[in-house]
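One chain is shown next in structure tokens, namely the form predicted alone.
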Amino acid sequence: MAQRFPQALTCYVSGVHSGPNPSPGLGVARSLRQAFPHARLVAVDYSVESSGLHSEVFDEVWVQRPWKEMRLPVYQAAIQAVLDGGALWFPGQDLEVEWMAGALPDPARAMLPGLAALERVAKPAIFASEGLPVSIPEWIGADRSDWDLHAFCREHGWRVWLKGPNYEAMKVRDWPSFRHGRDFLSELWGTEQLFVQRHVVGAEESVAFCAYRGELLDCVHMTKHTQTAEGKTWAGAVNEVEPGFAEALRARIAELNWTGGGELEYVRALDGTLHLIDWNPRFPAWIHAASFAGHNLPALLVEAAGMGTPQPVPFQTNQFTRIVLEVPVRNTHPLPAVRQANDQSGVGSKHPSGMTELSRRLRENRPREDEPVRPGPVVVPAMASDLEEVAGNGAATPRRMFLPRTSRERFAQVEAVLDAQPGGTVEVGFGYSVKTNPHPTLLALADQAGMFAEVISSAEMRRALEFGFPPERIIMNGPASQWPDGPGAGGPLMAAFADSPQAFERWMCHGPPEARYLGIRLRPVTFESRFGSGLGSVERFAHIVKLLKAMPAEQEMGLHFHFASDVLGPARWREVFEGVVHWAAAIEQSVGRGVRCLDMGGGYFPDDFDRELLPRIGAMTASASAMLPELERFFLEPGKAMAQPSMALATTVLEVRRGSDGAVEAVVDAAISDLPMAPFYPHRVYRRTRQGEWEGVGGGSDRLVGRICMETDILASDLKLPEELKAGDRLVIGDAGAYDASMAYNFGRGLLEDACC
């Protein structure tokens, strides 16, 4: 009969913090105590703020110096001595595992995988997942150009996560939050190795396992029932792993020659597919819940290492929850001093075990290249010709420049689509949004391309009339579409849409704008908007139907919807479009009058307009006409897609400030007042090289700051400015032709608004 405790068993268990973001050490220790009551358990951590040090499950505690102060070779020798003395080591932190796997000359008694295995399970690719019934959600490295990163986020509807290589994930909702997250995580973890990954809607599950020298000893499946605000497990259920998954995992473990605990975290999507988001090289913090269910995984590792046979584990339950308990503090390790209210260090709050410090230490020990440079924009032929023509003439700056070839190419695309219309009962039209840029040349190009003018005020309407758009090629909408008072259009507009039920009621009482199609703007129920008429209740829907029924019998009915595509992403925008068409069909049936005109916008990012909207116009038209049999006009308003690339801002460098840390800040004569959309999407920056060629400026951490005394006057903070940049050099900021132009304002020039002069 095997001796139950053949020798003194000592286990060092590291990573023992127990808080909202717990480490696994406490759970590992409880399972070890359950299986080996006489074992000597030593808690290891790197700060007295690690709360699990005070648990009575530990016989001793071994608190090390913080990672930033630690002499790593000395600590390495100390660990090796512990292992050589016969103890086992259960690491509880990903980065600690990584460091120990590379530092220890003989890690045989350390329950951790080797470096080769760690490379195979590293995020985001997780190559070791091949053969498992999982897929890796789409991702993109943060070392790609800002232009590509912005496109990836739009493609996934801004339902994405910005993640570090080991820890931390931040939900990104827009470009400002992405830039903030990138700066924050890079600074916190001391690495540029970040990536962006699409969010998967579904239930979070995981599989925890233990293995010794490539043999899978056991594995369990856990479903999260409730989570903390940080997404950490608070309650869940432990069950057997699906046989197919377990067998595939067994094969992967053998290939990796894995030793130690591990956890695969994945999302079960609504269609049942599994999407792997992490492969942790240690046990999860909930591991003792597996022991409740009869699977004591830490104990199996001890047994596999030949250190004794564990006591049998009785099955208690497969469900678990966490509670908060107060425990007495060890006299030998009193609490740290009371943190001062003005202490902003954040130390101990989320990472008391100092993993952020270890991350920076590990990065310091690696060969350091120069600061990584994200690729700059490609200078396409039309842009190169435009820059040569308009930016190289030495004119005064700051100066917004019209880019003729680039602009013509954009409007030619629309003209080609209109020319290629196959005919039929529904005529497709494009509306040029005058508010994006009422520049005469752009209005002329829109006119020549056969576009309609979309206006949001009487002032814009009169601007369109002035530049040759007849009333029947003008579409009016907006919350104050008839402001300011003045001459009318002189004839019926193509369409006019009230922004609210109140506005439509006013039209019916006092006379609506003269228009071929009259209607109302709809506000879909799936997102917040201050515009349009909501459809989120039976009462609201009935009210809209009642209003539209009140129109004169001879008036043709139209409906309008507008929401910026680059906020939703083109895929979600199309989903909303389909929803609006169904709502329009319901309105048509309830009103008893056909929807003759449907006007859809807008706010398309130029690349999305070219790649996503234009190729789908035929399908969208067919979808709308199938639901609305009396439809005869289908308008699309691309918004800024037409104007944004049409202009650039030339600026001159006034001063170059080079910090001792290598950071560069260039002060230029342009300002945020010339580029008000600078924080909200990436602007491509160009410069002329000493050889006379135009090239895009790559990405880094250098800043381009403006001339005015505003803290927010930062034109770009993600550039890698050229080493030779000096005062007097010129830069050209692209993508400045839409709201950067129409919303620009005077500031710091000694000028007042015209109305005040």
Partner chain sequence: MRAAEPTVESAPWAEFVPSVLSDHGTECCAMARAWYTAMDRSMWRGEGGPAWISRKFPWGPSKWPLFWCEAMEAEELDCGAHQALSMEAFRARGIRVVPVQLVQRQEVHHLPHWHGRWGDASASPAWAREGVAYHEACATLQEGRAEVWDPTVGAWLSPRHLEGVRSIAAVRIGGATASDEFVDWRGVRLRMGVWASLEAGGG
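Treat the numbers as computed from the prediction; the structure is a model and nothing was measured. Numbering follows the first chain given and starts at 1.
Form predicted together with its partner chain: not shown, discussed below.
When its partner chain is considered in the model of the complex, only one residue from 582, 213, 71, 173 comes within 4.5 Å through any heavy atom, namely 582. Between the options 84, 578, 242, 187, the residue in contact with its partner chain in the model of the complex by a heavy atom within 4.5 angstroms is 578. Residue contact check for residue 329: none of its heavy atoms lie within 4.5 Å of its partner chain in the model of the complex. Although the partner is absent here, residue 526 sits close enough that one of its heavy atoms falls within 4.5 Å of its partner chain in the model of the complex.
At the 4.5 Å threshold, heavy atoms of residue 657 stay clear of its partner chain in the model of the complex, well away from it. A residue is said to contact a partner when one of its heavy atoms sits within 4.5 Å of a partner heavy atom; residue 542 meets this definition for its partner chain in the model of the complex.
Judged by heavy atoms within 4.5 Å of its partner chain in the model of the complex, the contact stretch among the candidates 355-363, 589-597, 205-213, 374-382 is 589-597. Along 524-538, these residues reach a heavy atom to within 4.5 Å of its partner chain in the model of the complex: 525, 526, 535, 536, 537, 538.
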